[in-house]
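A lone chain, given as structure tokens: the form predicted alone.
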Amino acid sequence: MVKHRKFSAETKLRPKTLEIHGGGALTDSELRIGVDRVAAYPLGTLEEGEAKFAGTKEGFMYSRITNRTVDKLEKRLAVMEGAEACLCTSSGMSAIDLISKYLANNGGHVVSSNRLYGGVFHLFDVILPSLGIERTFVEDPQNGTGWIMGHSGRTKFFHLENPSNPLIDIFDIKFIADITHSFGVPLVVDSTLATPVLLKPLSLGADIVVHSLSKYMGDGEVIGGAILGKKDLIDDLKKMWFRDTGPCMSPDTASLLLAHIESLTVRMREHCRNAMKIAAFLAGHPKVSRVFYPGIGERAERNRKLMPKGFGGLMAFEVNGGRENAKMVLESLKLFWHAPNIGESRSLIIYPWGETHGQMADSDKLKAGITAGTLRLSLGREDHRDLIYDLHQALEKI
């Protein structure tokens, strides 16, 4: 027998319902959220305008800073992630860039896992040091020693990508958060590949969560990013760093994201299912030397305890023979598109060594487990049997 509940402002809605009704949608008067395609809003009285510009009064003023449609998305994401507040940005990279400079400006130091998307690695390795922000990469992020030894008196935050891109490492967020908090500094977790459907880092001790909304959230249609955490943090970001550097999201993008998020749970289940099927197939193939997916291998049981709802649709595998054999497989596939994204309905393939992680030095790629024979797959939502057949015929070309 279904137990019915009375709805109120305090009702704790379940995760799947929050994708559709979260962030105040129960009180909305529109079936579909409107798009505020405007540059500016009326400020009211002079005193109200001054208060809004000073940040002492909330309200809409200028779409680079606050927009009604973007605000709806921020509220939706905050309740889904279990955060007090959210700030949406123009891209995932702009979100990481903004929070990094905000936390570590003026000679700070970052301690980060070395298992990172190539663009983030380059940001930490080259761009931030050119601005006076130093970094230390932890080469064995599963081990607490590297995190402890990486800390210095100038460390402003620790950074973790979970799951990691492209080799889908799964980390114990609570364990790493305990280490960072022992030094009195925050832990920033990039949870793009998990989404709130599979994991909520804030509930495990993380202080700040960032997302590239361009992946699963947007179903491959739009570019966007998000920073989530305490309201004081988000308010402070908005008042100066965000407002005066301008990495804002357009209302059209926010509208599309709100629509796509309504199907996120269902889509994530399909991505997870296909990835597990493909990983199992590749693990038994004689021409594949290694498969990188948390659901198989010696860490599988431990990984399931850390992420019991699944691991997402990203995975990687390594073929013997280096670049030439990887090229043969990539160019022989018929259903997999050679394209640089994650979370599309179509399955995608990319070559990390020379493409997504091509900015990294070869030695850094090898330290992170990426070889010249590694291929990354973003499993879409096709029938897994067709994907397996396509991979089989491509591997037979080696």
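Everything quoted here is computed from the prediction, not taken from an experiment. Residue numbers run from 1 along the displayed sequence.
From this point on, the text means the form predicted in complex with pyridoxal-5'-phosphate, which you will not see here.
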Checklist line | Candidate stretches 92-100, 79-87, 270-278, 236-244 - the one whose heavy atoms come within 4.5 Å of pyridoxal-5'-phosphate in the predicted bound form | finding: 92-100
Item checked: One residue of M360, I342, V329, A368 in contact with pyridoxal-5'-phosphate, assessed in the predicted bound form (non-hydrogen atom, 4.5 angstroms) -> I342
Check: With pyridoxal-5'-phosphate left out of view, which of N114, T195, N165, T253 would have a heavy atom within 4.5 Å of it in the predicted bound form?
Finding: N165
Checklist line | Any non-hydrogen atom of K72 within 4.5 angstroms of pyridoxal-5'-phosphate in the predicted bound form | finding: no
Margin query: Taking pyridoxal-5'-phosphate as it sits in the predicted bound form, is V120 near enough to touch it, meaning that at least one heavy atom pair lies within 4.5 angstroms?
Written below: yes
Next item on the list: Answer with yes or no whether E318 is in contact with pyridoxal-5'-phosphate in the predicted bound form, where contact means some heavy atom within 4.5 Å.
Entry: no
Notebook entry, point to check: Using 4.5 Å between non-hydrogen atoms, is G224 touching pyridoxal-5'-phosphate in the predicted bound form?
Noted result: yes
Notebook entry, point to check: Using a 4.5 Å cut-off on heavy atoms, which residues of 208-224 contact pyridoxal-5'-phosphate in the predicted bound form?
Noted result: S212, S214, K215, I223, G224
